[in-house]
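Only one chain is included here, represented as structure tokens and corresponding to the form predicted alone.
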Amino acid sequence: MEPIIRIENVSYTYEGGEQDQVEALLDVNVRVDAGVFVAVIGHNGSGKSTLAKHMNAILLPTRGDVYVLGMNTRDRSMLWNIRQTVGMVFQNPDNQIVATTVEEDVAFGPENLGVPPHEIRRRVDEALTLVDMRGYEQAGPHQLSGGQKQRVAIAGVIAMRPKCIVLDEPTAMLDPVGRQEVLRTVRRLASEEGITVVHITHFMSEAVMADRVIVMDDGRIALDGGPREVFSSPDALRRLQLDVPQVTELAFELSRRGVKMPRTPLTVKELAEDVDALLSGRYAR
């Protein structure tokens, strides 16, 4: 089956004059299959946001090729189709909200696609339901919290009916409540709606929710695997200037003190289950 996104030997150089060239990506190869929730993490300057911007042709490779359902992003005649297939949500929702009311903003994309009015109405209602923003149709975006604005921005992308949504650090500017609101939405899109999600984040607690974690370092892919596999290497992550989730760190500290853990826990719930199993004798140390 054709992957949603196929990145082949991609390098990208930011041009800032002869002395200021920055190689942000170096021979990167990535395949993103349909229906998968992928988290991309890395320290500042690792190349993760540059990688995200290649996924719907905001940036074009200096070398190599990016394919979206087989369409090469270098082919400018396919740009419209590529951006309908892969929607993008940015860090600051204020940069993506363009209308004076919530429903007008969500309708903006489908209107520009020439979607009939009755279908636009259906898509707006459906998208706002998916992000838990029904009842806010007539609200002005300036009246919303940061988390609500970001969910409206996501709804605007959903209304375009993309097969994949790339979120470039969508929770970076939000408080903890707003972060949880957005994460619930992202999880629902991936698990219930079957939309492929690529989530760029520097929060390890968000990456553990993904099916797959890609770790970027200095423009290259340093680690790539399931969350439990990636976070089972805390020393490697620290060398990459990253931390592991707090519950995982606690489990490693227990292991260092002679407590053999059943697995590498990724969430508070998993850690609690493992500790309970140890205390009750269901798991032999």
Partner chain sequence: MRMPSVIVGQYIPGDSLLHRLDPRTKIMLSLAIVVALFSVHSQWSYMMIGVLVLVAVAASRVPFKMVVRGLRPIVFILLLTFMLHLFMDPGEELFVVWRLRATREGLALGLTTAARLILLIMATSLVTLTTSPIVFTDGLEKLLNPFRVIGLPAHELAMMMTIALRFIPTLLEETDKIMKAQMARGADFDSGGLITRAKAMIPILVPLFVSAFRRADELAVAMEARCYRGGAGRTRMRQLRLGALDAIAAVGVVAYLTAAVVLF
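Residue numbers count along the first chain shown, from 1. Computed from a prediction, not measured in an experiment: that's the story for all the values here.
Although not depicted, the form predicted together with its partner chain is the subject of the following passage.
Check 203, 228 and 246: does every one of them have a heavy atom within 4.5 Å of its partner chain in the predicted complex?
No.
Its partner chain contact at residue 259 in the predicted complex, heavy atom, 4.5 Å:
No, residue 259 sits far enough from its partner chain in the predicted complex that none of its heavy atoms falls within 4.5 Å.
Would you classify residue 108 as touching its partner chain in the predicted complex, given a 4.5 Å non-hydrogen atom cut-off?
Yes, residue 108 lies within 4.5 Å of its partner chain in the predicted complex.
Is residue 236 a contact residue for its partner chain in the predicted complex, using a 4.5 Å heavy atom cut-off?
Flag for residue 236 set to no.
Is residue 94 part of the interface with its partner chain in the predicted complex - any heavy atom within 4.5 Å?
Yes.
Tell me which stretch of 152-160, 178-186, 191-199, 207-215 has a heavy atom within 4.5 angstroms of its partner chain in the predicted complex.
After filtering at 4.5 Å, what remains is 152-160.
Among the candidate residues 129, 84, 145, 72, which is the single one with a non-hydrogen atom no more than 4.5 Å from its partner chain in the predicted complex?
Filtering the options by heavy-atom distance leaves 84.
Select from 89-123 the residues with a non-hydrogen atom within 4.5 Å of its partner chain in the predicted complex and write them out in sequence order.
Residues within 4.5 Å: 90, 92, 94, 95, 96, 97, 98, 99, 100, 101, 103, 104, 105, 106, 107, 108, 109, 110, 111, 112, 113, 114, 115, 117, 120, 121.
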